[in-house]
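Okay, here we've got a single chain as structure tokens, the form predicted on its own, with questions on binding and movement later.
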């Protein structure tokens, strides 16, 4: 009997392995190569960028370390404290005097290098500290649970050994993001496969994306979850919403929600898309129409509800994540709808004549164009202003070529108007959630913490812009334009790496 059971188990395993192999084979080789390029590029960034010289990396490392050491996420605290091993590394790396000060580079002095190596060998305690309880104490634990695995694999090494392996885990997530962007483009823009490659490579070599992907930062997993959502939505619009797709969409959304509270900004768009898909499929709105949307949302929210219950019953944490504090009201904070709309308008564009200017600058250029072209380190490593202005030329050319492609296929656009409206609405609602968090923060302490990386969950749409730009060039010029886009993306990334090298090592 035991032998028979073993044989049945082996027989069951073989089809599963074959199904997995068949699934891998259905993904084009170009998609795997784009993902590999993204992984290698993020790995290069992980080696170039000095330890903890990425926004909040010291806090993300501390959270993962706390979870690995204690088997539970940290609790919010009034201020961050770190383990003895991380604290010694931060001190020897001159962390506090290097961040925000471009004239202070990485360690060069032989005596400082020797002290760092000596302290790394001593390896002080790892279980002390509160896991960055102030910065991240209420954040969901999924990303940090994944990072705890490379942390444990490098348990015999130093802080920098563990950080390096954890950065590689983020680089893998970056590769997965680009793979999903390629698959999204394949579903969104059937035909001309090389345009999918151009779009995916343009994303893979986007410097800010690779910079974050080469660090310990939960944004890396959020980007992958968002790319999965866009891919699954495009697949559902093209092939119909099935039970399997509804579950997959719910799972991708759940990964985002269990990674970072910012993913809540994607939920309204996903809900709208599910309703549009179900109504189109059923030919109208009936009670049964809501079955698959309800299934997807149940799968999406179930892990977050479990986390909420664990937060208040076992872990002694706030029910909702730390990022939710950006929306916390009370005291002298009195937001208004007109004020929020005016703030959001200026947050992304510019004040209209007669409109009050709460930000005092032009975010469209100062935050979004500048940030997307690239600001590195602790948001203080910048190119000369002329570089950002020059970048407007290729960005405008891409927009014009993409617009030409859309105009040429306007009949097809009309047939897919609901799908395109869903993508546009999802992007708009997510952007408004980012602006809403900044608006509440502005009312509370008159600060503006906006960074371009907060909008990178929308990178699949940037990939679509690049793919459309290639098509807009026409059949004769498309290969040349596609090659130019990829070459420009690689050059952009390479010069960004040189900029970071010059900032820390020149």
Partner chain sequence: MEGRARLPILAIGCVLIAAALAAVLAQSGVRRTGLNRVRAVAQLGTLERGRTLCQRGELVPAGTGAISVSLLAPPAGGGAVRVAVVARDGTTLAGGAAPAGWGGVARTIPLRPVLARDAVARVCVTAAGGGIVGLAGEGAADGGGGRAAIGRRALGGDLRLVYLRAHAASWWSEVATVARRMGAGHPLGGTALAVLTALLLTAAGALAAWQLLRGAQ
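Numbering follows the first chain given and starts at 1. Please read all numbers here as calculations on a predicted model, not as lab measurements.
The same protein also exists as the form predicted together with the partner chain; that form is not shown, yet it is the one meant from here on.
Using a 4.5 Å heavy atom cutoff, none of 209, 369 and 450 lies near the partner chain in the model of the complex.
The closest non-hydrogen atom of residue 338 lies beyond 4.5 Å of the partner chain in the model of the complex. At least one heavy atom of residue 107 is located within 4.5 Å of the partner chain in the model of the complex. In the model of the complex, the partner chain sits within 4.5 Å of a heavy atom of residue 205. Remark: residue 315 does not count among the residues lining the partner chain in the model of the complex, judged by a heavy atom distance of 4.5 Å or less. Taking a 4.5 Å heavy atom cutoff to the partner chain in the model of the complex, the contact residue among 85, 197, 311, 381 is 197.
Of the candidate stretches 453-461, 59-67, 476-484, 438-446, only 476-484 has residues with heavy atoms within 4.5 Å of the partner chain in the model of the complex. Interface residues of 43-63, taken as those with a heavy atom within 4.5 Å of the partner chain in the model of the complex (partner not displayed): 43, 44, 47, 48, in sequence order.
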